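As structure tokens, one chain now follows by itself in the form predicted alone.
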Amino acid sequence: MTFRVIPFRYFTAAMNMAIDETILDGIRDGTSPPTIRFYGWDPSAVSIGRFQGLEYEVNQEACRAAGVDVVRRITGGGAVYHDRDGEVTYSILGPSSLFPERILDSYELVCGDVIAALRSLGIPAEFAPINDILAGGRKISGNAQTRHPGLFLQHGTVLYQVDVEKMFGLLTVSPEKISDKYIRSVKKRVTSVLEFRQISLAGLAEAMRAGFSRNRDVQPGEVTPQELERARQLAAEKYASQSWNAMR
């Protein structure tokens, strides 16, 4: 089956989540093809997992002051800071029949595409079950899934550069976690592309496109006007709403 590959584009946090849900709905209804897309967050954003409590995870006042969006994902996992210039995010969506049924196997399959991209840049990436990718023993990519009846979505980020102090300023963390000692320990566990290779963000996005295309039948594409119209509606009604983002 042919996957549509949508090149790197910037959207707001609400639109990024709404586009994914719109494409999932289209795949279910037969109006959208299996899709791989690459994107950034403009403005920068914090996303929280489907089952997290907004008030416990995000310093909302700090986010407002910094002009940082906040959005709840439909996937699980923890709170993530998405810097506008600090990462490439991907989503791969399709019928569940195209992916391994076993969760670990499906993570390994899709993360293998990210690993291929990083290795093509000379970065020694490896899979760290269940859903992380390490480079030089340090985390460079986190990934998450959701499965609806007959449908599959995995998305994840590859860190291009990382600002741990800024991340901690936007998340709600305990006092001991904002100490210099703890921040230094986090820096030792997290890495980014620029620590290994001087390459542009666009160059990283292109390497990821090639990594996801190597073992699939693909064709270039874009989000259609119909998908964008539906996504804008969904972003306004759901992903930009306090009722969705603040729910438990």
Partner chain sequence: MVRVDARSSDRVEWLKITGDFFLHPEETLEQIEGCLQGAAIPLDQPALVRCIQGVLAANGAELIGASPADIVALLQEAVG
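Note that the structure is a prediction, hence the values are computed from the model and not measured. Numbering follows the first chain given and starts at 1.
Omitted from view is the form predicted together with the partner chain, to which the following refers.
*Asks:* In the predicted complex, which of the listed residues (171, 134, 74, 164) lies with a heavy atom within 4.5 Å of the partner chain?
*Replies:* After the contact test, the surviving option is 74.
*Asks:* Using a 4.5 Å heavy atom cut-off, indicate which stretch of 136-144, 115-123, 90-98, 156-164 touches the partner chain in the predicted complex.
*Replies:* Stretch with heavy atoms near the partner: 136-144.
*Asks:* Taking the partner chain as it sits in the predicted complex, is residue 78 in contact with it (heavy atom to heavy atom, 4.5 Å or less)?
*Replies:* Looking in the predicted complex, residue contacts with the partner chain include residue 78, since a heavy atom lies within 4.5 Å.
*Asks:* Taking the partner chain as it sits in the predicted complex, is residue 53 near enough to touch it, meaning that at least one heavy atom pair lies within 4.5 angstroms?
*Replies:* Close contact exists here: in the predicted complex, residue 53 approaches the partner chain to within 4.5 Å, heavy atoms only.
*Asks:* Whether residue 130 contacts the partner chain in the predicted complex should be assessed with a 4.5 Å heavy atom distance threshold; does it?
*Replies:* Residue 130: yes, in contact with the partner chain in the predicted complex.
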